[in-house]
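Okay, so here's just one chain, in structure tokens, the form predicted alone.
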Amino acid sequence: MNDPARTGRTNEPAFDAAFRAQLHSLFAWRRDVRRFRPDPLGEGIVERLVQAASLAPAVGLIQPWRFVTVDSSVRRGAIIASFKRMAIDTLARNVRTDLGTVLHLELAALREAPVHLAAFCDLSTTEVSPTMLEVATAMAVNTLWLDAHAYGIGVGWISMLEPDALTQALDVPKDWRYVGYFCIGYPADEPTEVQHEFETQEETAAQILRR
């Protein structure tokens, strides 16, 4: 239970062990969805997800994140063309045996997902460093992703895109810096195992540098 004397907020809700266990399950079972059903999301769902994203922390409460829904078939076509160019170049330079499968699934997500959502950070919002703005935007995306998963909505991160081509295709303000592109919809299949569990405590410890 939260200690009001420690938090300084007497009306803060108490989070018990059962809630914390459920929260950890949400973190552990959150996954990068690649196959989507064609069913559209309900009215107002994207807006509610963005509202949840706005609960993410940001320096000075400036909320630099900006989201663009990509509904136009022409603009989606430009995004897919950018992806294909990046994929061809990456396949030519990479020896990973599973890369072709990964790229095939990302392309499927771009073609099947009912919602395409691009995330940007607005560099004109403050004098805070651009890095801090990008970090805040990434935290907003993560908040949106977790909220979506809690409602059974999948999110897929499309990594193989050309930032300049994407920014031009979406015709966003010049002060907006591209952060990420995401496909959103109901998953076509169900997860069979936890994707993001660490196998050992040693692996977790290896990611921490102590000084």
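From 1 onward, residues are counted along the sequence shown. Everything quoted here is computed from the prediction, not taken from an experiment.
Just so you know, the form predicted together with a small molecule exists too; it's not on screen, but the next bit is about it.
Discussion item. Can you pick out, from 159, 54, 69, 168, the residue that has a heavy atom within 4.5 Å of the small molecule in the predicted bound form?
Written reply: That would be 159.
Discussion item. So in the predicted bound form, is the small molecule close enough to residue 145 to count as touching (4.5 Å, heavy atoms)?
Written reply: Yes, residue 145 lies within 4.5 Å of the small molecule in the predicted bound form.
Worksheet item: Within a 4.5 Å heavy atom cut-off, is residue 106 in contact with the small molecule in the predicted bound form?
Response: Yes, residue 106 sits close enough to the small molecule in the predicted bound form that at least one of its heavy atoms falls within 4.5 Å.
Fill in: Exercise: residue 30 in contact with the small molecule in the predicted bound form, heavy atom 4.5 Å
Yes, contact at 4.5 Å.
Item to complete: May I ask you to state whether residue 102 is within 4.5 Å of the small molecule in the predicted bound form, using heavy atom distances?
Response: Because a heavy atom of residue 102 falls inside 4.5 Å of the small molecule in the predicted bound form, the answer is yes.
Discussion item. Just to confirm the contact call: exactly one of 61 to 69, 146 to 154, 159 to 167, 38 to 46 touches the small molecule in the predicted bound form at a 4.5 Å heavy atom cutoff, so which is it?
Written reply: Result for this chain: 159 to 167.
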